[in-house]
Each structure stands twice: as structure tokens, then as C-alpha cells.
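Take a look at this single chain, the form predicted alone, given in C-alpha cells.
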């Protein structure tokens, strides 16, 4: 199909979806499924209109339309501006074919570099997410169930203050720490623990540590909010019945904190998989991360349709991870975003 025919549908789709939601809302109101005063009765006409227009404008122009145009662009070829919407501007799967085989037409060989970078990014993001959870869960439990109010405020201050520094500057600070002549290697050499410096950056240790630290708050706060809402009587009852500490956490605390765990894991995974600054700054000479490849498709190869296809593949994979977390945790989207 020609892009000139399909392109207007991208602009019309948000209008269709909005009309459908309005029809559903009116139908529910007419059938009596919604009780109480209506939206404009609660907020008034001026404020109601302002909120409605502001939210719709932000959602449509900042989220919906850019994503729809990215999806539409991913099926189009790379053409000069003069040939856009011309007879050669047709929808196809050649950009996705290139991701798999390294060629828009040939299927002789797999695109091993990009495929390896993609799966390495997904697996490493899962590992970073679970390592972040293992690190943040004890801290969140201590803050929510053990520490007093003054201690909690002090710990929150310690957690938040480093994030006043820009993410790129924090990444460079990690590079200085994990470099061959950095602080960690100097301490190891001074203590006689190693005979020569360890290449932490070449082993990607610095990159994984930097990624875990960059999004630690997004794991701590959902866990803290979920565990804080748990009645302490449940923990005390389990302890009085003789349950060991690991049993209390595994079968009492964690099931109660499932929404917070799912929310934290989802946020950390999606931001880690989509990280760009930390892999560029902390990645070693042999490290592969998928987002720099996506960046290169856009700004080095200037192949925006191919970059859109790569970005959409990463987006769909992240969505699949969220759905898997919801399925494993038996949670709804409302519970995760509560």
C-alpha cells in the first residue's frame, strides 16, 4: 500500500479512539453503570474543559501521535524528500527483514551483530532488574517496617541527594571509579588483593553497576510504598508462629508487596533496556548494547525508517516483559500503577 494512502489514517486514528471512548462513557452512563455526579458536575464546566483539553493535548501530541508515526515510518523505505509519498514510498517489512538478516532483501545470513546486541540487552536488563531488587528490597523493608520516622527521613535524603547530579556526570563518575587506574583498582592493589589492575570496564562491570545505580530509586520507592502499607501484625503473627525470617519474607511480605515489586521491576527493566548514556560512557570496547545501535540508525546512518523499526522491536519486547510480569504476579495494570 502506498504511504500517501496510509499516512492520513495515522492522523485519524486518535480521533477514532477518542470517539470510541466517549461513546463507551455515554453508554455506561445511560445504562446506569456509573453512579454519582458526572465529570463536569464534579469539576465545573470551565475547569473540566481546561483539564480535558490539557490532558488530551498532552496525551495525543506528546505520546500517541509520535508513537503512531514511528510505527508507520518503520514500514516505509528510506527515500529522498523529493520521492516521499511517491510511487516508491510503499509499505513493506524490509526494515524488520534487515534486523534479522542484515539485508533488506537477502536471507542468506543472520544479522548476528544486531541480534546478539538485542538479546544481550534484554538478558542484561533482566539481570540488572533482579540484582536491583535484591539490593533494594532489604533497604525498603527496613525503612518501611523497622526504622523510625527520623531514620527514614535521613535514609531518603541519602538516597535522593546523589540524584541531584546529572545522569551523564554520574556515569562518568562510575567510569573514573572502575577504570584501570581508578579508585577501586587502587584499593585492590594497595590491599594486595590483586597483582595487576582488573579491567572492570572491559568486563562490563562498570556498565552494569552504573545501570543498576541509575534506576535504584525507581525500585526502592514502589517497594517502600507497598511494604509500608502492610500491617505489622501480620509479620508479628508469623514470627510468633515460629516462621523463620526467610519464610516471613518469601510467603508473607513479598505476596503482599506484589504490586510494588511488579511496578519497580517494570520501571527498572524498561529504563535499563532503553538506556543510552550509561552504555555509551561505561561500555567496554567489546560490549554490545542495543540502544546505541538504534541511535546509530537514526543519526549515523540517517535511516529513520530502520531506526523506527528497531525502536518498535525494543518497545514491543518491553511491553511483552510487562505482560509477563503481570501474568506471573497475577496482577492487573491498575494494581501495578496504583
Partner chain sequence: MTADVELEAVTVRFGTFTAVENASLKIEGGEFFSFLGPSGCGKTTILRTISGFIEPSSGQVRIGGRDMRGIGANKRPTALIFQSLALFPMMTVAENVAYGLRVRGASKSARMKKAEELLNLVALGDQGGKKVDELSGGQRQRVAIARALAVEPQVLLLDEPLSALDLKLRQHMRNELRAIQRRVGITFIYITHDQGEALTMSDRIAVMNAGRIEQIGDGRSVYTAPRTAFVAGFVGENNAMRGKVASVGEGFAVVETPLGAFRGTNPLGLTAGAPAVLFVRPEALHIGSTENACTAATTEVAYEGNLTHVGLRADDGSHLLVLLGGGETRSAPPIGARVGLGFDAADAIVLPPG
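Positions refer to the first chain, counted from 1. Everything numeric here is computed off the predicted structure, so don't read it as measured data.
The discussion below concerns the form predicted together with the partner chain, not included here.
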*asked:* Can you work out whether residue 97 and the partner chain are in contact in the model of the complex, taking contact to mean some heavy atom pair no more than 4.5 Å apart?
replied: no
*Would residue 251 count as touching the partner chain in the model of the complex under a 4.5 Å heavy atom rule?*
yes
_4.5 angstroms heavy atom contact with the partner chain in the model of the complex for residue 241_ = yes
*Look up in the model of the complex whether residue 80 has a non-hydrogen atom within 4.5 angstroms of the partner chain, and give yes or no.*
no
*Proximity to the partner chain in the model of the complex (heavy atom, within 4.5 Å), stretch among 233-241, 194-202, 106-114, 216-224*: 233-241
_To verify the annotation, which of these, 133, 85, 256, 142, has a non-hydrogen atom within 4.5 Å of the partner chain in the model of the complex?_
256
